[in-house]
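Below you'll find only one chain, the form predicted on its own, shown as structure tokens.
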């Protein structure tokens, strides 16, 4: 995206559509929903303050705004983690959610046994992802959840593309080893 187009585009048109991705990355990095909201808000403020310097690189339909914003989110998450001294772990599927229907209609959803098995699978996946070193976890989330290209992940993480590819391979291998270990039990 040429510089004049990026500057003439408003912040709301270019950056704001990526707010959900910003929160999602923050949530996966810090593992605390409330802190992730604060980080996403802080990142949006930082992005707004520095939007005049955003030049876009033509990558992607948004001129690289998504990768630019996610890099700001990543930095804000690491700043928050350093300030707190640790990263708090929070399960993905909070216990205690009540989905009781208001009237008696057959539920097309899986039965209790299937839901229990699904929750256990989600918990195991959550534990396996949480066990990954943060460098591997962030690359995995940016690629598999956010759908960023290797080049965009490299910009977000400030790592060479080869390093991104290596981290993704190692993260996937670690998840496969965890799955194999679970199946062997």
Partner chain sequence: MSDPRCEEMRLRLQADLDGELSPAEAAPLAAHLAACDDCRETAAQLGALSARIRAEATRHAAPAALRARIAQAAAATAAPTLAPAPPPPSGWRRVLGGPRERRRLGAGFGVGFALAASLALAIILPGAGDLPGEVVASHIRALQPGHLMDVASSDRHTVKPWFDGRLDFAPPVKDFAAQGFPLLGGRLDYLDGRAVAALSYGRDKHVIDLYVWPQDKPAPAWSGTIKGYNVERWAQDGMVFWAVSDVEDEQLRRFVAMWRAGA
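Numbering follows the first chain given and starts at 1. Every value quoted in this text rests on a predicted model; they were computed, and no experiment measured them.
The form predicted together with the partner chain is left out here; the points below concern that form.
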item	value
Heavy atom distance at most 4.5 Å to the partner chain in the model of the complex, all of 81, 130 and 183	no
In the model of the complex, the residue from 156, 44, 65, 136 that sits within 4.5 Å of the partner chain by heavy atoms	44
Contact label in the model of the complex: residue 54 to the partner chain, heavy atom within 4.5 Å	no
The partner chain contact at residue 40 in the model of the complex, heavy atom, 4.5 Å	yes
4.5 Å heavy atom contact, residue 140 to the partner chain in the model of the complex	yes
Residues of stretch 18-48 in contact with the partner chain in the model of the complex (4.5 Å, non-hydrogen atom)	19, 20, 23, 24, 27, 28, 34, 35, 37, 38, 40, 41, 42, 44, 45, 46, 48
